[in-house]
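Just the one chain here, the form predicted alone, laid out as structure tokens.
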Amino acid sequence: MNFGPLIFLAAFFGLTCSWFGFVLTPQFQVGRLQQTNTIPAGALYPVSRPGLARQGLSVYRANGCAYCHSQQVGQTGTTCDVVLTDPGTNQTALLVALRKIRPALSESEDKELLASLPKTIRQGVTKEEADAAVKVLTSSSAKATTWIVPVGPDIPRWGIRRTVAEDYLFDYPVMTGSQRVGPDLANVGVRMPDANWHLRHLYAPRSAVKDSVMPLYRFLFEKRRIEGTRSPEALTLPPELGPEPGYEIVPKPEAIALVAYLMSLRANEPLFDAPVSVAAAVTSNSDTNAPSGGTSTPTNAAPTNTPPTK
């Protein structure tokens, strides 16, 4: 019996399923991503990088920065905090509500807690528990909110939430990296907003970070004789690293473009598929992610009917 046609059909079916699974489905899921209005700021995210930053991506790629730096923040899960933002007009009812939520505290401790708001009432609970506590608090005319908190070893060391495909919408090629010989750079523009620090770090890494293993990128700079006045772009270096008197170290256009790219790396906007709460009073691209002791009213980054990932 000739099994050739059956073998051909089986192979064709297997290849077709693989094509649908590995090519067509990702194209539908990721290939059609568009900018979204982030919550709560209402700003478009992500935005295309400025021209100088796009040039810097080429410098980043050409110098192999992705071999030692990743651009992907991970998280192990999401928890919720309950934040009391306004005591309302009925303090007696609020104290009763607080005793229901935190029976271990005394009445005097509850009154002390209300001295300055907003305050975190409960931490590290599920969304169901947080919503139930918020309901109890708001029944006393107070105002409270559920604060979504991503957790994991990368949070908040490298970013305030996990990295998702939408963060790379305008990047080509995407430089996600695979190793962390150096720190993750997905949110370095927020963590290190000083361009002069980045330039000094490129020229002499250990002058900025003690025991850094990053190689010197001094070929991205040039030594110039000072003609008249010192250039405003000249690096401020310690005497042991600076040039001889009468000279200065000035970044080349490639260094300036690379720093512009690093400064543009900001992945801290709340997204529907990567929920995180931020302070409502803080404008877009802020790095605030802890409500305790703060002065801004926290706002949910995802609809309240969308439970965070457990």
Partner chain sequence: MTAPSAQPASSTAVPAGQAVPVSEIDISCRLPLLVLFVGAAKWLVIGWIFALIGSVKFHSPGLLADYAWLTYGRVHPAFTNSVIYGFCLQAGLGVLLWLIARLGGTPLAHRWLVVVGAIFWNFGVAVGVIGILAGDNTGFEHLEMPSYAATPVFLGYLLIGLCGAITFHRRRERKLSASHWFLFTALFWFPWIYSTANLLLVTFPVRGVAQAVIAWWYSDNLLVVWLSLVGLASVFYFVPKLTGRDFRSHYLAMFAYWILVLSAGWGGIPTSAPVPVWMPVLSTISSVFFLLAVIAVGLNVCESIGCSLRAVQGKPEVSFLIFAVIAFGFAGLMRAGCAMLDVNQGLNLTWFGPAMSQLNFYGFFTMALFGAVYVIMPRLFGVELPWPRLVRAHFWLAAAGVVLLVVPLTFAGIFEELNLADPQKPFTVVMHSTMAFLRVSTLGDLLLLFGHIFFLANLSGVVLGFYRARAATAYAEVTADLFKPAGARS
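Numbering follows the first chain given and starts at 1. No experiment lies behind these values; they were computed from the predicted model shown.
We do not show the form predicted together with the partner chain, though everything after this point is about it.
Student: May I ask you to choose, among G189, P118, P87, P156, the residue with a heavy atom within 4.5 Å of the partner chain in the predicted bound form?
Tutor: Partner contact (heavy atom, 4.5 Å) among the options: P156.
Student: Would you kindly say which of S231, T138, Q91, T176 lies with a heavy atom within 4.5 Å of the partner chain in the predicted bound form?
Tutor: Flagged contact: T176.
Student: Sort through 110-118, 124-132, 94-102, 159-167 and report the only stretch with a non-hydrogen atom within 4.5 Å of the partner chain in the predicted bound form.
Tutor: That would be stretch 159-167.
Student: Is D211 near the partner chain? Define near as a heavy atom within 4.5 Å, in the predicted bound form.
Tutor: Answer yes; at least one heavy atom of D211 falls within 4.5 Å of the partner chain in the predicted bound form.
Student: Counting only non-hydrogen atoms and a 4.5 angstroms cut-off, does Y67 reach the partner chain in the predicted bound form?
Tutor: Y67: yes, in contact with the partner chain in the predicted bound form.
Student: May I ask you to check whether A43 falls inside a 4.5 Å heavy atom distance of the partner chain in the predicted bound form?
Tutor: Flag for A43 set to no.
Student: In the predicted bound form, does P193 come within 4.5 Å of the partner chain, counting heavy atoms only?
Tutor: Close contact is absent here: in the predicted bound form, P193 is far from the partner chain, nothing within 4.5 Å, heavy atoms only.
Student: Since the partner isn't included here, can you check whether the partner chain sits close to all of P50, T79 and L262 in the predicted bound form (heavy atom within 4.5 Å for each)?
Tutor: Not a single residue of the candidate spot has a heavy atom within 4.5 Å of the partner chain in the predicted bound form.
Student: Across 5-19, which residues bring a heavy atom to within 4.5 Å of the partner chain in the predicted bound form?
Tutor: The stretch touches the partner through L6, I7, F8, A10, A11, F12, F13, G14, L15, T16, C17, S18, W19.
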